[in-house]
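In the form predicted on its own, a lone chain appears below as structure tokens.
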Amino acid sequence: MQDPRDILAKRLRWQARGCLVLGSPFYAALLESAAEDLERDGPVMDVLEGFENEPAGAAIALRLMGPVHRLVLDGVLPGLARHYPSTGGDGDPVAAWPLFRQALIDQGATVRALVRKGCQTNEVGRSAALLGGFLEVAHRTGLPLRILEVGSSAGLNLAWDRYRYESAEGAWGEPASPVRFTHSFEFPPPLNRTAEVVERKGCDLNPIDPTTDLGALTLRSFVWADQLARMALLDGAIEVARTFPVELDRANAADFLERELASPRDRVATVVFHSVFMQYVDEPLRARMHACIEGAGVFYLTMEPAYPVFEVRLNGELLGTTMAHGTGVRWNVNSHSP
């Protein structure tokens, strides 16, 4: 039987490499230190013991980082806050690590309880990657859109049409939106298209209300602490949510889709979508989801990992690629056609 420390350390180091590639050297260094501490049976192991039995896609490394960041944001760890860029700190991981480790000792029960709750990242940047898919459906059908998101978290990507997208080849969306994507596209999708959303709804096992202080804190805690541009996008999306709330059901994806797609809907194009979601879904639930989507004959838009990139697909057709947080979008299908 494999040593639990080896399993967990491998997962922490895998995420450390991902953080480094995606522009978070602060988290990369902290996770490397955490892996070393875990191998020495330090407080990291005390917090994570038992979680080695979860699937590799359960994001245990981010579930460790999120609770500590939450305590920093909430003012519980003022010493560590002096090194967290999200609270104005210097971003020095060497200075931060001893304080991070001590936090796991002093706040171990709290951190472990939060780790158990799972990862709740509502990455607003993924709207930039999904935008072209929604515009493609509207273009192909000439119909207004009914959008259904599974694994919605706080539902911030359900409001994608309330954001602003800008590229060297044009712009799309609300000019005055507090959410502005200005560096998301390497090769943008056609932005000279129109789309109208007439109905939107999502589901999550544990939906977050982004309009509350607690909900906002939870969402902000899962943004990597040295990625201030991501934090600004999230804060803008929370501002949008306060004036434009969306409907979220507490339900699993299959139950939600079976109910919502039970009857055909005329004069709308229904789009089921998700982003970086399927790694949390077991095979029986996947089978139910796919059977429901195929049976209803609706559009199915996804953004899921195909490492080292993430693929945006519409009904299985590859439309483009992106990085994990919706940057570096490269549109592949008719990217410059009207």
Ligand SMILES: C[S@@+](CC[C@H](N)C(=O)[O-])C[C@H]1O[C@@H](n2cnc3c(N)ncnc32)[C@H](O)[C@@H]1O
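Throughout, we count residues from 1 along the sequence that is shown. Remember, it's a predicted structure, so these values are computed and weren't measured experimentally.
The discussion below concerns the form predicted together with the ligand, not included here.
Interface segment, criterion being heavy atoms within 4.5 Å of the ligand in the predicted bound form, picked from 307-315, 45-53, 279-287, 22-30: That would be 279-287.
Residue (of 96, 72, 253, 241) lying close to the ligand in the predicted bound form, criterion heavy atoms within 4.5 Å: Of 96, 72, 253, 241, the residue with a heavy atom within 4.5 Å of the ligand in the predicted bound form is 253.
Contact residue in the predicted bound form, chosen from 136, 226, 123, 260 - any heavy atom within 4.5 Å of the ligand: Looking at 136, 226, 123, 260 one by one, just 123 meets the 4.5 Å heavy-atom criterion.
Contact flag, residue 151 vs the ligand in the predicted bound form, heavy atom cut 4.5 Å: Contact with the ligand, yes.
Contact test in the predicted bound form: residue 109 vs the ligand, heavy atoms, 4.5 Å: Heavy-atom contact with the ligand at 4.5 Å: absent for residue 109.
Residue 205: touches the ligand in the predicted bound form, heavy atom cutoff 4.5 angstroms: Judged by the heavy-atom cut-off of 4.5 Å, residue 205 is in contact with the ligand in the predicted bound form.
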